[in-house]
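To begin, one chain is listed below as C-alpha coordinates, in the form predicted on its own.
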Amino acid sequence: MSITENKVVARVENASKSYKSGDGEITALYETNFEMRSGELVLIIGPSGSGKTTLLSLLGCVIYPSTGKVVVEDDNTTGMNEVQLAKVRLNSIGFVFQNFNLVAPMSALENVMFPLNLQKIPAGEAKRRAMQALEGVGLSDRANFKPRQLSGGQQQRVAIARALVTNPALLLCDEPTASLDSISLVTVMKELKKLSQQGKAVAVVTHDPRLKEYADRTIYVENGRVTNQLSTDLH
(Lines give C-alpha, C1' and ligand atoms only; values in the text may rest on other atoms or scores of the structure.)
Protein backbone atom coordinates (compact mmCIF):
# COMPACT_ATOMS: atom_id res chain seq x y z
CA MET A 1 0.00 0.00 0.00
CA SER A 2 1.39 3.40 -0.97
CA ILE A 3 1.94 6.40 1.28
CA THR A 4 -1.07 8.08 -0.34
CA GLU A 5 -3.28 5.10 0.45
CA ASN A 6 -2.10 5.16 4.07
CA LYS A 7 -2.91 8.83 4.62
CA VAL A 8 -5.08 9.61 7.64
CA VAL A 9 -8.11 11.44 6.24
CA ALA A 10 -10.10 11.87 9.45
CA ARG A 11 -9.72 11.00 13.11
CA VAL A 12 -11.44 11.37 16.44
CA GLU A 13 -9.16 11.93 19.43
CA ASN A 14 -10.50 11.13 22.90
CA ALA A 15 -13.90 12.07 21.51
CA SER A 16 -17.13 11.32 23.36
CA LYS A 17 -20.76 12.38 23.02
CA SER A 18 -23.27 12.84 25.83
CA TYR A 19 -26.77 14.29 25.93
CA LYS A 20 -28.75 15.88 28.75
CA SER A 21 -31.75 13.82 29.85
CA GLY A 22 -33.80 15.46 32.55
CA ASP A 23 -31.51 15.94 35.52
CA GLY A 24 -29.10 13.33 34.25
CA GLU A 25 -26.91 12.63 31.26
CA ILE A 26 -26.87 9.87 28.67
CA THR A 27 -23.56 8.89 27.07
CA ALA A 28 -24.05 7.86 23.44
CA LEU A 29 -20.33 7.31 22.88
CA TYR A 30 -17.56 7.02 25.44
CA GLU A 31 -14.08 8.43 24.81
CA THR A 32 -12.85 6.99 21.54
CA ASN A 33 -9.75 7.19 19.38
CA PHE A 34 -10.34 6.21 15.78
CA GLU A 35 -8.78 6.91 12.38
CA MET A 36 -10.02 6.69 8.81
CA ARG A 37 -7.33 6.21 6.17
CA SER A 38 -7.45 6.61 2.43
CA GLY A 39 -7.56 3.36 0.48
CA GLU A 40 -9.59 1.41 3.03
CA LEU A 41 -13.18 0.38 3.61
CA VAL A 42 -14.00 0.22 7.31
CA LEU A 43 -17.08 -1.56 8.58
CA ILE A 44 -18.60 -0.19 11.81
CA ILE A 45 -20.82 -2.91 13.24
CA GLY A 46 -23.15 -2.76 16.22
CA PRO A 47 -26.79 -3.21 17.27
CA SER A 48 -29.30 -0.37 17.27
CA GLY A 49 -28.44 2.20 19.92
CA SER A 50 -24.85 1.00 20.24
CA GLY A 51 -23.25 4.34 19.33
CA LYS A 52 -22.12 3.47 15.82
CA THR A 53 -24.17 6.20 14.14
CA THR A 54 -22.92 8.67 16.76
CA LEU A 55 -19.35 7.79 15.77
CA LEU A 56 -20.23 8.29 12.11
CA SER A 57 -21.91 11.62 12.90
CA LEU A 58 -18.79 12.82 14.71
CA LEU A 59 -16.60 11.87 11.74
CA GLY A 60 -19.07 13.63 9.44
CA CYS A 61 -19.00 16.84 11.50
CA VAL A 62 -22.77 16.60 11.91
CA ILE A 63 -22.52 16.86 15.71
CA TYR A 64 -19.93 18.32 18.07
CA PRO A 65 -18.07 16.00 20.48
CA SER A 66 -18.70 16.54 24.19
CA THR A 67 -15.00 15.90 24.83
CA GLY A 68 -11.98 15.49 22.59
CA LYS A 69 -11.71 16.62 19.00
CA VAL A 70 -12.46 15.66 15.40
CA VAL A 71 -9.85 16.30 12.69
CA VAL A 72 -10.73 16.14 8.98
CA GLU A 73 -7.91 16.51 6.45
CA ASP A 74 -5.67 18.09 9.11
CA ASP A 75 -8.33 20.66 10.12
CA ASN A 76 -9.43 20.57 13.75
CA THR A 77 -13.19 21.00 13.37
CA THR A 78 -14.04 21.12 17.06
CA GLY A 79 -13.90 24.89 17.36
CA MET A 80 -15.60 25.62 14.05
CA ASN A 81 -18.96 27.33 13.78
CA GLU A 82 -21.89 25.89 11.80
CA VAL A 83 -20.96 27.74 8.59
CA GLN A 84 -17.39 26.44 8.73
CA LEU A 85 -18.58 22.90 9.48
CA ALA A 86 -20.99 23.04 6.54
CA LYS A 87 -18.08 23.96 4.27
CA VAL A 88 -16.05 20.98 5.54
CA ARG A 89 -19.01 18.66 4.94
CA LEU A 90 -19.57 20.01 1.44
CA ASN A 91 -15.94 19.87 0.32
CA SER A 92 -14.35 16.97 2.22
CA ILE A 93 -17.11 14.49 3.11
CA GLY A 94 -19.64 12.52 1.08
CA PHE A 95 -22.72 11.00 2.74
CA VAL A 96 -24.75 7.95 1.67
CA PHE A 97 -27.93 7.11 3.61
CA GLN A 98 -30.18 4.09 4.03
CA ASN A 99 -33.15 5.77 2.35
CA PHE A 100 -31.16 7.36 -0.50
CA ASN A 101 -32.43 10.92 0.24
CA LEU A 102 -32.81 11.76 -3.44
CA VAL A 103 -35.00 14.74 -4.35
CA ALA A 104 -38.08 13.19 -6.01
CA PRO A 105 -38.88 15.89 -8.63
CA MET A 106 -35.26 15.98 -9.82
CA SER A 107 -33.69 13.66 -12.38
CA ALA A 108 -30.72 11.49 -11.44
CA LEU A 109 -28.45 14.02 -13.16
CA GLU A 110 -29.97 16.96 -11.28
CA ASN A 111 -29.65 15.13 -7.97
CA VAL A 112 -25.96 14.51 -8.62
CA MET A 113 -25.43 18.12 -9.71
CA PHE A 114 -26.97 19.46 -6.50
CA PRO A 115 -23.77 19.59 -4.35
CA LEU A 116 -21.94 21.30 -7.22
CA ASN A 117 -24.68 23.92 -7.39
CA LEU A 118 -24.09 24.57 -3.68
CA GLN A 119 -20.41 25.03 -4.49
CA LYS A 120 -21.44 27.54 -7.18
CA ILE A 121 -19.77 25.52 -9.93
CA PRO A 122 -20.81 26.84 -13.40
CA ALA A 123 -23.74 24.88 -14.85
CA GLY A 124 -21.84 23.41 -17.80
CA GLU A 125 -18.99 22.17 -15.64
CA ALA A 126 -21.43 20.86 -13.01
CA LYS A 127 -23.31 18.87 -15.65
CA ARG A 128 -20.09 17.43 -17.08
CA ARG A 129 -18.86 16.33 -13.66
CA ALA A 130 -22.27 14.92 -12.69
CA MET A 131 -22.42 12.85 -15.89
CA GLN A 132 -18.91 11.60 -15.18
CA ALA A 133 -19.99 10.58 -11.67
CA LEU A 134 -23.01 8.72 -13.04
CA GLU A 135 -20.78 6.96 -15.56
CA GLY A 136 -18.57 5.92 -12.66
CA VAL A 137 -21.46 4.01 -11.08
CA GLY A 138 -22.72 2.64 -14.40
CA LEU A 139 -25.84 4.81 -14.65
CA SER A 140 -25.14 7.35 -17.39
CA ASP A 141 -28.04 5.84 -19.36
CA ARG A 142 -30.39 6.71 -16.47
CA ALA A 143 -29.35 10.36 -16.18
CA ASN A 144 -32.78 11.73 -17.06
CA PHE A 145 -34.76 9.23 -14.97
CA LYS A 146 -36.56 10.40 -11.82
CA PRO A 147 -35.94 8.43 -8.61
CA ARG A 148 -39.35 6.72 -8.85
CA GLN A 149 -38.27 5.28 -12.22
CA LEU A 150 -35.20 3.62 -10.68
CA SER A 151 -34.80 0.46 -8.62
CA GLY A 152 -33.60 0.68 -5.02
CA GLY A 153 -30.10 -0.38 -6.04
CA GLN A 154 -30.01 2.20 -8.83
CA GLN A 155 -31.20 4.94 -6.48
CA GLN A 156 -28.42 4.06 -4.04
CA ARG A 157 -25.86 4.21 -6.83
CA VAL A 158 -27.17 7.67 -7.80
CA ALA A 159 -26.75 8.64 -4.14
CA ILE A 160 -23.16 7.36 -4.24
CA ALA A 161 -22.51 9.40 -7.40
CA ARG A 162 -23.93 12.48 -5.66
CA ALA A 163 -21.68 11.85 -2.65
CA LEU A 164 -18.63 11.52 -4.89
CA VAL A 165 -19.19 14.36 -7.35
CA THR A 166 -17.33 16.89 -5.17
CA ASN A 167 -14.38 14.45 -4.93
CA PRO A 168 -14.40 14.17 -1.12
CA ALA A 169 -11.62 12.34 0.67
CA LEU A 170 -14.05 10.68 3.08
CA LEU A 171 -17.22 8.74 2.25
CA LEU A 172 -19.57 7.95 5.15
CA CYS A 173 -22.37 5.43 4.62
CA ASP A 174 -25.12 4.88 7.19
CA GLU A 175 -26.81 1.48 6.62
CA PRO A 176 -26.46 1.89 2.82
CA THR A 177 -27.72 -1.61 2.03
CA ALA A 178 -30.54 -1.95 4.58
CA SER A 179 -33.26 -1.08 2.04
CA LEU A 180 -31.82 -3.24 -0.75
CA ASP A 181 -32.42 -6.77 -1.99
CA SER A 182 -29.50 -9.21 -1.93
CA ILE A 183 -28.49 -8.61 -5.56
CA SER A 184 -28.49 -4.83 -5.15
CA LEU A 185 -26.59 -5.22 -1.87
CA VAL A 186 -23.73 -6.96 -3.68
CA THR A 187 -23.71 -4.33 -6.45
CA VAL A 188 -23.57 -1.41 -4.03
CA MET A 189 -20.91 -2.97 -1.78
CA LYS A 190 -18.72 -3.79 -4.80
CA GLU A 191 -19.08 -0.15 -5.83
CA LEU A 192 -18.02 1.07 -2.38
CA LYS A 193 -15.13 -1.39 -2.32
CA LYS A 194 -13.95 -0.15 -5.71
CA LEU A 195 -14.01 3.44 -4.43
CA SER A 196 -11.83 2.52 -1.47
CA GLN A 197 -9.39 0.79 -3.80
CA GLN A 198 -9.24 4.01 -5.81
CA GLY A 199 -8.04 5.87 -2.72
CA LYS A 200 -11.17 6.99 -0.87
CA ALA A 201 -11.60 6.46 2.85
CA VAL A 202 -14.94 4.66 3.13
CA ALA A 203 -16.79 3.98 6.38
CA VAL A 204 -19.93 1.80 6.37
CA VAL A 205 -22.17 1.61 9.43
CA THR A 206 -24.22 -1.59 9.51
CA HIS A 207 -25.66 -4.31 11.70
CA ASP A 208 -25.32 -6.84 8.84
CA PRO A 209 -22.36 -9.22 9.27
CA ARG A 210 -22.65 -10.26 5.58
CA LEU A 211 -20.80 -7.08 4.65
CA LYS A 212 -17.61 -8.17 6.44
CA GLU A 213 -16.19 -9.76 3.29
CA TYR A 214 -15.91 -6.31 1.69
CA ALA A 215 -14.05 -4.67 4.60
CA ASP A 216 -10.36 -4.02 5.05
CA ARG A 217 -11.06 -3.37 8.72
CA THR A 218 -14.02 -4.10 10.98
CA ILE A 219 -14.72 -2.38 14.28
CA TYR A 220 -17.46 -3.21 16.77
CA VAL A 221 -19.40 -0.68 18.83
CA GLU A 222 -21.46 -1.80 21.80
CA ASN A 223 -23.02 0.21 24.63
CA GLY A 224 -21.22 3.34 23.46
CA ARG A 225 -17.78 1.74 23.37
CA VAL A 226 -15.55 0.72 20.49
CA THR A 227 -14.73 -2.77 21.69
CA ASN A 228 -12.07 -3.73 19.15
CA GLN A 229 -10.61 -2.90 15.76
CA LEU A 230 -9.79 -5.92 13.64
CA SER A 231 -8.23 -6.25 10.21
CA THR A 232 -10.34 -8.47 7.96
CA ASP A 233 -8.65 -11.41 6.25
CA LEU A 234 -9.79 -11.24 2.64
CA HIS A 235 -7.99 -14.32 1.34
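Treat the numbers as computed from the prediction; the structure is a model and nothing was measured. Numbering starts at 1 and follows the sequence shown.
Only in words, not in the display: the form predicted in complex with a small molecule, which the text now covers.
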**Request:** From the candidate stretches 193 to 201, 180 to 188, 66 to 74, 46 to 54, select the single one in contact with the small molecule in the predicted bound form, where contact means a heavy atom within 4.5 Å.
**Result:** 46 to 54
**Prompt:** Hey, in the predicted bound form, does residue 62 get a heavy atom within 4.5 angstroms of the small molecule?
**Reply:** no
**Request:** Determine whether any heavy atom of residue 28 comes within 4.5 Å of a heavy atom of the small molecule in the predicted bound form, and answer yes or no.
**Result:** yes
